[in-house]
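Shown next as structure tokens: one chain only, the form predicted alone.
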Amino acid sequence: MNDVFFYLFGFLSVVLALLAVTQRNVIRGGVFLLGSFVSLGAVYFASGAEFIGIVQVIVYGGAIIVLYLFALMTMDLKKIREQPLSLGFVSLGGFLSGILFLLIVYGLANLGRVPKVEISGARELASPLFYKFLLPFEVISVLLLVATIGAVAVGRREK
């Protein structure tokens, strides 16, 4: 039964992601992206990785989408639409799309040969994080705190 949900939510996630990148309205695209992230979280649940599924829904479905929509609402989209496309950006986008296409083809070709990976839960993730990699974890925590305080300070600066 989990395999059915895995493939159902995987297909739904891909369809919603395609709708997200093909929408002309960026807000609608963000909502489709939210649906894709939540479906991806359901894929993690179906494969037995509940902790990663919860983190996927909370971090990507909540925080990243809110940040994305907030950033889009503060931008002047009419001005961006009027700017001509740069040949360099189009070439870079085409190059990256080609690499992504090759990775997808490679993944589909090796679909049956992928070994079964044991996805761990919260205990297996937390143990190395808080014992083996405690110092890098704390350094990154302080760095993120400093970045957050800096962003608030820059945002509150009077013009």
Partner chain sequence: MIDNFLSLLFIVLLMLVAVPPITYLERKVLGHMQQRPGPMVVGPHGILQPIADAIKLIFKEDVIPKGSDKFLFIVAPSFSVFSALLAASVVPIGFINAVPMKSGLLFVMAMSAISIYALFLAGYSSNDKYSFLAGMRAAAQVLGYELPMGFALMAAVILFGSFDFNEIVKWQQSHGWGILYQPIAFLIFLVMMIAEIGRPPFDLPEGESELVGGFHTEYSGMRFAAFFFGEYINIIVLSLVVSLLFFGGWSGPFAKEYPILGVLYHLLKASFFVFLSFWLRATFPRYRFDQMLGIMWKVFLPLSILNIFIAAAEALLVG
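Rigid core: the largest C-alpha set superposing within 1.5 Å between the two forms. Positions refer to the first chain, counted from 1. Values in this document were obtained by computation on a predicted structure and should not be read as measured data.
What comes next is about the form predicted in complex with the partner chain, which is not displayed.
- Checking 109, 99, 90, 58 against the partner chain in the model of the complex, a heavy atom within 4.5 Å turns up for just one residue: 58.
- For residue 132, no non-hydrogen atom is located within 4.5 Å of the partner chain in the model of the complex, even though that partner is not displayed.
- Although the partner is absent here, residue 54 is a contact residue: one of its heavy atoms lies within 4.5 angstroms of the partner chain in the model of the complex.
- Not displayed here, the partner chain is kept clear of residue 42 by more than 4.5 Å at the level of heavy atoms in the model of the complex.
- Though the partner is left out of this view, residue 70 does reach within 4.5 Å of the partner chain in the model of the complex, counting heavy atoms only.
- With contact defined as any non-hydrogen atom lying within 4.5 angstroms of the partner chain in the model of the complex, the contacting residues in 28-42 are 28, 31, 32, 34, 38, given in sequence order.
- With the core held fixed, residue 25 shows a CA shift below 2 Å between the shown form and the other one.
- Annotation: Cα of residue 11 displaced by less than 2 Å between the shown form and the other one, core superposition.
- Shown in the overlay between the shown form and the other one, fitted on the rigid core, is a CA shift at residue 70 smaller than 2 Å.
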